[in-house]
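In structure tokens, the next block holds one chain alone, the form predicted on its own.
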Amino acid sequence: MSAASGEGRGSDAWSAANYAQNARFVSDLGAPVLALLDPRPGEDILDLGCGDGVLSLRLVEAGARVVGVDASVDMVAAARARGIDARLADGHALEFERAFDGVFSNAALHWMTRPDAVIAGVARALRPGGRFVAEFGGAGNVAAIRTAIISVLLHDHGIETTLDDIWYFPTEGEHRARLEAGGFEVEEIALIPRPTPVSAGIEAWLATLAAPALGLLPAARRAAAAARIGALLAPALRDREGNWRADYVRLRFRARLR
């Protein structure tokens, strides 16, 4: 999903149409984290980083009352077109107070680079005993892709960056400690290696899901940079038939507010 953060990308930078075309696999692979949430009829659920509302709709179909938040105007509009109560919001500054039985997030928390602020906002939004269930990029996520981006930015364009101001990819231990410090009991948490087919190709992936990194370059240079990054990645991530797999590692957790 897109960032509910207001950082990294401008709030209008996400295109719901491009996301649906190039990154639909993100929501298609959301079933395990939905199952971990186990939404029940009549519950109030916040979908943090709801994107275009595809998974929010699954929560509604399970009988929950759902509010979705996202930082992208275009994504919020797409979610509303699906009938979701979607609202423009910064995930670092949630304004809800004891409003939800559960907070759900899929593929969004890694865009929120101030995780302690996110966790504090989730804790305020939950009722006592409420659960926080999420999946997002963890330590090692897109490691090859990230290395190739950093290399091209530095050696071809003179831009030195670690991309830490764009992505938050924590270890299991790091995020567990943050959740516990924020008032949660962690019921389960695990890093899950998940090499993921990218049918649109790596350059489309970069244009859609690494746009903040490419955005460090002038617009006229981005396509050439993406092609160069793809050439570096091909030996590792493209098979002999030309199929690409992104080197995903997901961090999935379920925690309960004390």
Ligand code: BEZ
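The first residue of the sequence shown is number 1, and the count goes up from there. Since this is a predicted model, take the numbers as computed values, not measurements.
The discussion below concerns the form predicted together with ligand BEZ, not included here.
Please name which of the stretches 76-84, 122-130, 93-101, 108-116 has residues with heavy atoms lying within 4.5 Å of ligand BEZ in the model of the complex. Looking at the other structure, the answer is 108-116.
V142 within 4.5 Å of ligand BEZ in the model of the complex, heavy atoms: Yes, V142 sits close enough to ligand BEZ in the model of the complex that at least one of its heavy atoms falls within 4.5 Å.
Taking ligand BEZ as it sits in the model of the complex, is F169 in contact with it (heavy atom to heavy atom, 4.5 Å or less)? Flag for F169 set to yes.
Partner proximity in the model of the complex: L209 to ligand BEZ, non-hydrogen atom cutoff 4.5 Å: Residue-level check for L209: yes, a contact with ligand BEZ.
Output the sequence-ordered list of residues from 232-254 with at least one heavy atom within 4.5 Å of ligand BEZ in the model of the complex. Stretch hits, in order: Y248, R250.
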